[in-house]
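In the form predicted on its own, a lone chain appears below as structure tokens.
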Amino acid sequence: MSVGIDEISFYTSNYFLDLRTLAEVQHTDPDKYYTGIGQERMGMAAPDEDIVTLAANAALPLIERVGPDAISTLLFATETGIDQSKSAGVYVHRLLGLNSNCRVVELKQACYSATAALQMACALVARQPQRKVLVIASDIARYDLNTPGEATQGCGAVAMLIGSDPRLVSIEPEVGNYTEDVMDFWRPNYRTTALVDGKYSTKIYLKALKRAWENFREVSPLTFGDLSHFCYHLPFSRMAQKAHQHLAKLNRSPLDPEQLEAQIEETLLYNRTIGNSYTASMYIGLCSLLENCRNSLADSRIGFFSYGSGCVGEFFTGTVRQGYEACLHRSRHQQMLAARSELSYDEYLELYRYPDPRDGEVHEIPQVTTGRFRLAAISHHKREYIIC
């Protein structure tokens, strides 16, 4: 029985900062960002947006098709959680009108947890093939101003419907895992912005890729040459290019640089203009590949490397199904990206510094987002969401 991704959709804020603007303020060459890290824009969440509203907007097209009663489980992956106890997915459950018999849980392990959710979802469906599981990954990447990480901010959410006989990508059961306790990136509970050792994190990312791939080869007969495209975790687009070159070298691939780039280039298109979306980034990369590849991907096998700082890495594969093109939300996604508004640097700072109330008083939040769902208030330490 085949199990995997039946449908996929993503969402991001309607605001972005062009990194040329950031470079101009910093008196640096824009190519430091456009070429150096492969990023052109970064999404900025509006005051009435957070991981819940982004997630609900990402999942809405899926629920509109299958209906709210079709979902048996909602797995919510994030590393920018809004509560130490209550799952962000429970808010989404209400906003989407899901059945009261649907289980909901939140998962955390940096940027890797969406892959943990995907694998758990596949296992649930394998156990009960008539069930459908909704996996949502949603994050807002924030770093301190005037730090190397500032240009790698962003926001986004991706929703995936996992089922039997999937219409998009069949996920294969063999995986390669690697875990090591390191401090390359972390965010203590008392901080709203992450801490990162950039060079060390890149080194650990590549180490985890090598070890996960070696473990994958122990359990799978597939080789590097059996895979036509690769999706990597995307803290910034240049990281995927480094990773793919590293994996090709490990496997002594005969492909030249242009051929290697062709295996990943379409996965980077959306990320270049959205920025880092943490748990969602690799799967937005999958959307980008499926929706922008110039050639048919039907029956092609894709390699996936999911990395979560801290660290956990996993390599797995999936095969694109025949007829996948009819199941995509290409027009919806591209219209959403085209309709976004560019921010000036002062407007960016205003959004960045928007108050984060913690005093327990009543704080109403103005309507700014163009999305279907919004955070309307924070009242007595309770977050209040409404449908627009």
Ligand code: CAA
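None of the values given here were measured: they were computed from a predicted structure. The first residue of the shown sequence is 1; numbering continues from there.
Keep in mind that the form predicted in complex with acetoacetyl-coenzyme A is missing from the display, and what follows is about it.
Visitor: Please determine, with the chain shown alone, which of 222-230, 142-150, 155-163, 207-215 has non-hydrogen atoms within 4.5 Å of acetoacetyl-coenzyme A in the predicted complex.
Guide: In the other structure, the partner sits against 142-150.
Visitor: Among D31, I37 and N276, does every residue place a heavy atom within 4.5 Å of acetoacetyl-coenzyme A in the predicted complex?
Guide: Heavy-atom distance to acetoacetyl-coenzyme A in the predicted complex: all three under 4.5 Å.
Visitor: Between the options P235, G89, G313, G285, which residue brings a heavy atom to within 4.5 Å of acetoacetyl-coenzyme A in the predicted complex?
Guide: It is P235 that has a heavy atom within 4.5 Å of the partner.
Visitor: Which residue, G81, G198, P129, P173, has a heavy atom that falls within 4.5 Å of acetoacetyl-coenzyme A in the predicted complex?
Guide: Checking each option against acetoacetyl-coenzyme A in the predicted complex, the one that comes within 4.5 Å is G198.
Visitor: Against acetoacetyl-coenzyme A in the predicted complex, would F185 count as a contact residue? Criterion: heavy atoms within 4.5 Å.
Guide: Heavy-atom contact with acetoacetyl-coenzyme A at 4.5 Å: present for F185.
Visitor: Can T202 be called a contact residue for acetoacetyl-coenzyme A in the predicted complex at 4.5 Å between heavy atoms?
Guide: Yes, T202 lies within 4.5 Å of acetoacetyl-coenzyme A in the predicted complex.
Visitor: Flag F76 as yes or no: does it have a non-hydrogen atom within 4.5 angstroms of any non-hydrogen atom of acetoacetyl-coenzyme A in the predicted complex?
Guide: F76 lies outside the contact set for acetoacetyl-coenzyme A.
Visitor: Hey, in the predicted complex, does C111 get a heavy atom within 4.5 angstroms of acetoacetyl-coenzyme A?
Guide: The answer is yes: C111 has a heavy atom within 4.5 Å of acetoacetyl-coenzyme A.
Visitor: Of 309-329, which residues get within 4.5 Å of acetoacetyl-coenzyme A in the predicted complex if you count heavy atoms?
Guide: Sequence-ordered list has one entry, S309.
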